[in-house]
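Both blocks below hold the same protein chain, though in two forms, and each is given as structure tokens: structure 1 and structure 2.
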Structure 1
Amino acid sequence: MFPQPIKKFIDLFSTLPSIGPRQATRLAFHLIGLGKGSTAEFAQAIADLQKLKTCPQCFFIHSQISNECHICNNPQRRKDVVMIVEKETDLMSLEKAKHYQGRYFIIGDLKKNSTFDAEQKLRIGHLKNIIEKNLGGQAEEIILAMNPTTYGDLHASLITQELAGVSKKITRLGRGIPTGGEIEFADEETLGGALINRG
């Protein structure tokens, strides 16, 4: 019943996270209503995502002229401290805090089980190579910025095993009461973390 281009659009866009067939239909008619110029702009915006580069050091996505991202490219940032994050958006949130002067390393979305996928195994190997080549085999500190959840804990311990011996210290982000949070409603784990990290 739908004209073919609309059908194709709905089929494709309803595969995207949190977009179902109904929303995809609405989007299609909204885009049609915007007219040719606007639609071309949306198509271009998607196509342009492929102009992005992946940093060969840390796997962060960027659009710098250089191959490396602006963080790995910055000589002021410590090479010997590496924070392992799950995804780009985690890296960006941590950067916004303006507290960290080391490098990052993106490991990719962690599965809800106790294994790494093939890509993640390659990345861990790549990180070991970088440490071997650039830091003479040992980093000063590796910070594991996994989420403070059961799976985050599990993956952090798996990564710790993988990286045994390649860093003087392996740490995790501190746990505590979030700013604006209330002690009364904090869970025991959080309060435990807050007590340990008091100061």
Structure 2
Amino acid sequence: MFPQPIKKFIDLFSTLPSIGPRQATRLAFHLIGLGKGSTAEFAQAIADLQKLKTCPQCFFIHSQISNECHICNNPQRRKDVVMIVEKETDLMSLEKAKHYQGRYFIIGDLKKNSTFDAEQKLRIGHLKNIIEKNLGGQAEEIILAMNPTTYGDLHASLITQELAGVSKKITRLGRGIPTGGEIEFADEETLGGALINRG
């Protein structure tokens, strides 16, 4: 029914978060309607994503000249306080609150079960190695910034077990974020309160 380029576009874009086949179809026809100049601009924007790098310390995506992102590369940030977040958008939301001056560590999307995938296990091991190498084996504080959901609580408990002994204290964000809410969509004031009231 659709020409092959549209079908391929729909197949690819419908796999993205919050976009199903119907939304992908609308997007395809909308882009076509914008004209060739606009579709070329969108194509270039997608191609440019390949130029981004992943920070070897925290796994944040960046475009810095150095290997490390601008947060890990900032000497003003505390190295002995590490906040573990699930995804990049959580990190960005927490940064906007401007209440935190430590480092971050992105563990990756947490599945709705009680296990970590192979990549997440490697990342936890990587964090332990960083703490051993840079902090003499013990951080001052590790903050678990998981979403306040049943699965977030479960994974926070598992991470606490995994990191027992590598930090003087392990805390969670305060419940300024409502149960069932998501960090990515919380406002700066709520996130600031959650940071201050962590425990």
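By convention here, residues take numbers in order along the sequence of structure 1, the first being 1. Predicted, not measured: the structure shown is a model, and the values here were computed from it. Rigid core: the largest C-alpha set superposing within 1.5 Å between the two forms.
Shown second, as structure 2, is the form predicted on its own. When the rigid core is fitted, residue 187 shows a C-alpha shift of 18.9 Å between the two structures.
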